[in-house]
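Read the single chain below, which is given as structure tokens and is the form predicted on its own.
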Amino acid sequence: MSAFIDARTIETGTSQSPDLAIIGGGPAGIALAMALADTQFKVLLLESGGMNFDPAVQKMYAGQETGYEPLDADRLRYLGGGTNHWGGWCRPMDASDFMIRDWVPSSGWPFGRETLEPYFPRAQSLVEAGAWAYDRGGDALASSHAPMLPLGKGGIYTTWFQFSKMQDDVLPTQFGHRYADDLRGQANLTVWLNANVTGIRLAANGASVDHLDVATLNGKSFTVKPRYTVLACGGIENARLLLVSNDVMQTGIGNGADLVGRYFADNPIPRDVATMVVFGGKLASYYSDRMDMGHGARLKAAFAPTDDYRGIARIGGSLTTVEQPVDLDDVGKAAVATTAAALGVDAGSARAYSLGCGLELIPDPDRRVTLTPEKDALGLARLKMVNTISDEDFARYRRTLEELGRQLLASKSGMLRINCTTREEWMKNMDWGHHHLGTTRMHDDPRRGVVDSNSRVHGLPNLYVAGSSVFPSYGASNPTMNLIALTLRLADHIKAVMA
């Protein structure tokens, strides 16, 4: 049996020498620890928080932000990490998300989606999203319940989200509570709670990680000397810890090319971007809500551009969803009647719906996190976040909506009115996915990435980074299931190098 130890009770000066230290107990850290359960390696998982929310721990996230939400209100700092407040939305990234796209600067992964395919089934199981039913599988399940909305031939198709298992129909799977017993039953694992890594310390020559400094909020301090270390603190804290660990490398670990903290991204979620009218009446419930399809799968439909169309139209990824029914004004009713008459269809039962969307942002090196002079309770520099959305991001998505509208007319099933033209209109009802991406981007060229294709920090043989901070370009799919698949791949690599 492994031990869950409250680090606040450990004697100051204690030293540990595990084979592997995992910094962070979110979905990546927990998935990695569990993937190593069948090994003889001694694993130590270091989690900053405890089993539940603590305001004093949460306050360590506080910082400065421009164009974004408060940094201490955007994440939760206790075992389970981002899964303590996620919505459970799951979808694999598209093949084109991994490709170098000449119309998307700095895009492309070192490998294609096929590299992650073997890890998707296990990731799907860990997020408890039911039987794999994305895309064509979802089409078959949905059609057995109610007809899908016809779309004419073109660049937009109906795709599917699946959802993590709901607890009492309220919360999706929270990794900290769901997998606590699995972690406790893992003989090769020790979990330190309330243990904050305050520095990754390199050997004097900067060639490898020598040890980790660990501290608690009640004044205890420890040393961990692992053979290998995996940083799995999330898309913002991963960058922060690399930047503050600057005693040997003055610009921070992995930051020789000034890339740590750059290329931050989230998926913006503008609301009420368009009004869609369906001539035939009410849509099937799986368009506006997550529907139980059996086999443990809950599905919700979305409209997405095909991989081919993204290249033809030079657009980014997007996932457009139906939000709620709306009432048309007199002008809208007249437009529907006129359009239906021109198409020769009956619109007597027409219904209108508001559409929202999750967008892929163009990678931007100036969207970033940097250190500030202000310190947290343990003396670590707090962060400043600068977040932006370009007008081109909106322009590309508008082309996607135009194509959706064209296909609705072509199928004589409906019509679309785009509600946003100016930047102010796009930003008026803006939400965020709280998906922290890109700050330690992956590229096999150390001049263009912080980690290589195996998630190893360039120049350091025993330091890796797990999670969505390594995504070099992002797609529109929610990252949790994808980052878990990537972490499971990392687990296989670590097993090989540590053997």
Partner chain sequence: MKRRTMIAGGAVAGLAAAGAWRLGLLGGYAPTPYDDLLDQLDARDDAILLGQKATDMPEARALADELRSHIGEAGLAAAVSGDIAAGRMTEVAGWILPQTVAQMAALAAKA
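Positions refer to the first chain, counted from 1. Everything numeric here is computed off the predicted structure, so don't read it as measured data.
Missing here is the form predicted in complex with the partner chain; even so, the following discussion is about that form.
Interface residue among 342, 100, 187, 140 relative to the partner chain in the predicted complex, by the heavy atom within 4.5 Å criterion: 342. With the partner omitted from this view, the residue of 165, 282, 398, 428 that lies near the partner chain in the predicted complex is 398 [heavy atom within 4.5 Å]. In the predicted complex, at least one heavy atom of residue 402 sits within 4.5 Å of the partner chain. Put simply, residue 277 is close to the partner chain in the predicted complex: some heavy atom of it is within 4.5 Å.
Residue 335 belongs to the set of residues with a heavy atom inside 4.5 Å of the partner chain in the predicted complex. The partner chain is not drawn, but in the predicted complex it has a heavy atom within 4.5 Å of residue 410. Per the 4.5 Å heavy atom criterion, the partner chain in the predicted complex is contacted by stretch 416-424, the sole one of 256-264, 238-246, 108-116, 416-424. The partner is not shown here, and in the predicted complex the stretch 305-324 never reaches within 4.5 angstroms of the partner chain through any heavy atom.
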